[in-house]
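Before any questions on binding or motion, here is one chain by itself as structure tokens, the form predicted on its own.
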Amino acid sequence: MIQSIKFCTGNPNKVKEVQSMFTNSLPGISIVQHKLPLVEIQAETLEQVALFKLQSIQNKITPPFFIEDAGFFVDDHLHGFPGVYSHYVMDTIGCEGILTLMQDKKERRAHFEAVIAYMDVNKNVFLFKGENVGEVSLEKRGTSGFGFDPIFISNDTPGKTFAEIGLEEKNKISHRRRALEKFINYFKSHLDK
């Protein structure tokens, strides 16, 4: 039986969030941070990016392990941009740049996606995807969270951006949370067999 799973990330806060969820649902499994450089590729979907990252390190680490990739997608006017380029876009034009691109646009639908790519001990690969749907706000609001949180209003929190509701509340409904729930449910269903 699996006692620990390596999470390949440089972000200790992500590790804490994942460990907390596993502790509540599957206390016998610990999440261990494993820092490895992950190769970013240009692709059309997060699934393709996550799968490439996973496969790029499979000979450098012993399974089981997983990676997580996320993105912000502006659905109408920007046709899904920044999507898989979210990290780069955040570093270059940030929230202000997206708001400028969205200036005077009425259709503002957007969503966050997270994909977890997991390799089990037999080197089988599984993908788990979570989403949170909403819209781009008219201005930056709030001080909590990171990335595009100050300009995203979730359908789950009408009128408030992710940055206004606070990290604890966001973590209950986030795209990452929804991907993690599917990941944990996978383990629960396989532990019962």
Ligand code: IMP
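Heads up: residue numbers just count along the shown sequence, starting at 1. Because the structure is a prediction, the values reported are computed rather than measured.
This protein has a second form, the form predicted together with the named molecule, left out of what is shown; the following refers to that one.
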Can you work out whether Arg178 and the named molecule are in contact in the model of the complex, taking contact to mean some heavy atom pair no more than 4.5 Å apart? no
* Contact between Phe148 and the named molecule in the model of the complex at 4.5 Å, heavy atoms? -> yes
message: Taking the named molecule as it sits in the model of the complex, is His87 near enough to touch it, meaning that at least one heavy atom pair lies within 4.5 angstroms?
response: yes
- Message: Taking the named molecule as it sits in the model of the complex, is Lys182 in contact with it (heavy atom to heavy atom, 4.5 Å or less)?
- Response: no
None of Ile29, Ala70, Leu38, Ile165 but one has a heavy atom within 4.5 Å of the named molecule in the model of the complex; the exception is Ala70
The stretch from 54-62, 148-156, 30-38, 124-132 that lies within 4.5 Å of the named molecule in the model of the complex, judged by heavy atoms, is 148-156
Contacts from 110-131 to the named molecule in the model of the complex (any heavy atom within 4.5 Å), listed N to C, are Phe112
